[in-house]
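Quick setup: one chain, the form predicted on its own, written in structure tokens, and binding and motion questions come after.
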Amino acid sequence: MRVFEIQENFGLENLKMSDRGKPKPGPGQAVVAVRAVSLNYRDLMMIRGHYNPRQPLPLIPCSDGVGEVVALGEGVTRLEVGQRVAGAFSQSWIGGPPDAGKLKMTLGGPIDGMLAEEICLDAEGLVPVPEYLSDTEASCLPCAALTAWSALVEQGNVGPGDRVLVLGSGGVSVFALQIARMLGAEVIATSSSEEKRSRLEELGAAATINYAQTPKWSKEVRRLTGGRGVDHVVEVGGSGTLEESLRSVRTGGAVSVIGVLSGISSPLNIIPILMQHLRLQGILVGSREGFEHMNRAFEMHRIRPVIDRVFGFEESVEAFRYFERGSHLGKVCISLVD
């Protein structure tokens, strides 16, 4: 069985194809023949050794993938052979609030991820995916889509007439735009690319801001909202954008802290958080139950992931190099099916 794995040392140059024996399911487990994988920034950080420098190697990366159940272990009743499923990012977070135990077993580190021809997982950590989606589309759901869903629905209570700010045009941000529009909210999006701004408006953004031309983009957000600010910010930038996000949100509003694209630490004035009664909510993807709830909503509204480009399995390293350049809009995927 072919896999891609980070072998003795971190670094994209050390992501190599290798062979492992075919997995066999134990009690309560299922073997999945992987059909497609999608990339997340966390995967790239894990490969570089930036996410967890103590991660034991070798490691198969990639938390997001979809495939077909090909074998079931003893006692499995919630799945069937031939069913198309995705792995839940947090394999042991079935439902309810998170705790340390529920967040230990995550795909693509510390446990092996989906960039393999077959993978064996606990059946409780697998989720049937909507039939109307292609394999590559379905592979985009486990992290990027569920993170946006958790931010806006499970934690954010966003509803009709609310205003949501999304930063950039990566997977989480594009899903947040789609989900916010599905909920009846108005969306403002940022991008440094005029081409991407046009595409974001085609996807439903009411307004877009070029953050390269307008570094203090919170002022433009305020202008667009009549001085009030947005109800919710989907903050994927990290330390480099958090202060502007805090200036963009209304009194009593919320900022979902999701990504670290611009860094993990910087001086921060916390006075606006106190004086404007703001809520900062960290989001680490979501539970299996949240994934199932999202899938039902996506089926009802026929939400389709936005895919920028699809690479072949043998092109996995090239896919990551394309992804790290940051020129994509939406998701970058890898197909294991010819």
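Numbers for residues come from their place in the sequence shown, where the first is 1. Note that the structure is predicted; figures quoted are calculated from it, not measured.
In what follows, reference is made to the form predicted in complex with a further copy of the same chain, a form of this protein that is not presented.
- Although the partner is absent from the chain shown here, none of 11, 59 and 71 has a heavy atom within 4.5 Å of a further copy of the same chain in the predicted bound form.
- Although the partner is absent from this view, residue 82 stays clear of a further copy of the same chain in the predicted bound form, with no non-hydrogen atom inside 4.5 angstroms.
- Although the partner is absent here, residue 312 sits far enough away that none of its heavy atoms falls within 4.5 Å of a further copy of the same chain in the predicted bound form.
- Using a 4.5 Å cutoff between non-hydrogen atoms, residue 118 does not count as a contact of a further copy of the same chain in the predicted bound form.
- For the chain shown alone, residue 226 is not a contact residue for a further copy of the same chain in the predicted bound form, no non-hydrogen atom being within 4.5 angstroms.
- Screening 62-70, 32-40, 304-312, 285-293 for residues having heavy atoms within 4.5 Å of a further copy of the same chain in the predicted bound form returns a single hit, 285-293.
- This chain lacks the partner; the member of 207, 105, 123, 183 within 4.5 angstroms of a further copy of the same chain in the predicted bound form by a non-hydrogen atom is 183.
- Residues from 138-171 that approach a further copy of the same chain in the predicted bound form with a non-hydrogen atom closer than or equal to 4.5 Å are 149, 155, 157, 160, 161, 162, 163, in the order they occur in the chain.
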